[in-house]
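Here we start with a single chain on its own, the form predicted alone, put down as structure tokens.
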């Protein structure tokens, strides 16, 4: 990553792109009252410096039939944590994996079409991974805020 100091112009561009990456340079130019060439140059610099990592669609899981969303707190054996991460990351239901500071634990978000699929995933897949001590599950029942534009 290159050292790139963000200024007010960069922040204004990022704020607009954060919620709609499909803005054209012309629209951004008009909204920010800046020449298209400035907007193009700034976006290129933000991409080169890895502030902008890419552009992805926001997909509503429920419209794809994924009705069950779980948070899994997985307690691991420290020497196996990387192995556990690698194996969990290979499973299609897994959408996010985080290491947390409360011990050798992982915070995992996984989505499923049905409750039975979630149960099977936990009991037949997770508990067969060497290095997992225990799994605590919480079902997400409502989302109050989500900001997919910031990688956590």
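All values derive from a computational prediction rather than experimental measurement. Residue numbers count along the first chain shown, from 1.
Below: the form predicted together with the DNA, not depicted.
For residue 83, no non-hydrogen atom is located within 4.5 Å of the DNA in the predicted bound form, even though that partner is not displayed. A residue is said to contact a partner when one of its heavy atoms sits within 4.5 Å of a partner heavy atom; residue 67 fails this definition for the DNA in the predicted bound form, lying far away.
The shortest heavy atom separation between residue 24 and the DNA in the predicted bound form is within 4.5 Å. Using a 4.5 Å cutoff between non-hydrogen atoms, residue 41 counts as a contact of the DNA in the predicted bound form. Across the options 29-37, 117-125, 88-96, 55-63, residues that bring heavy atoms within 4.5 Å of the DNA in the predicted bound form belong to 29-37.
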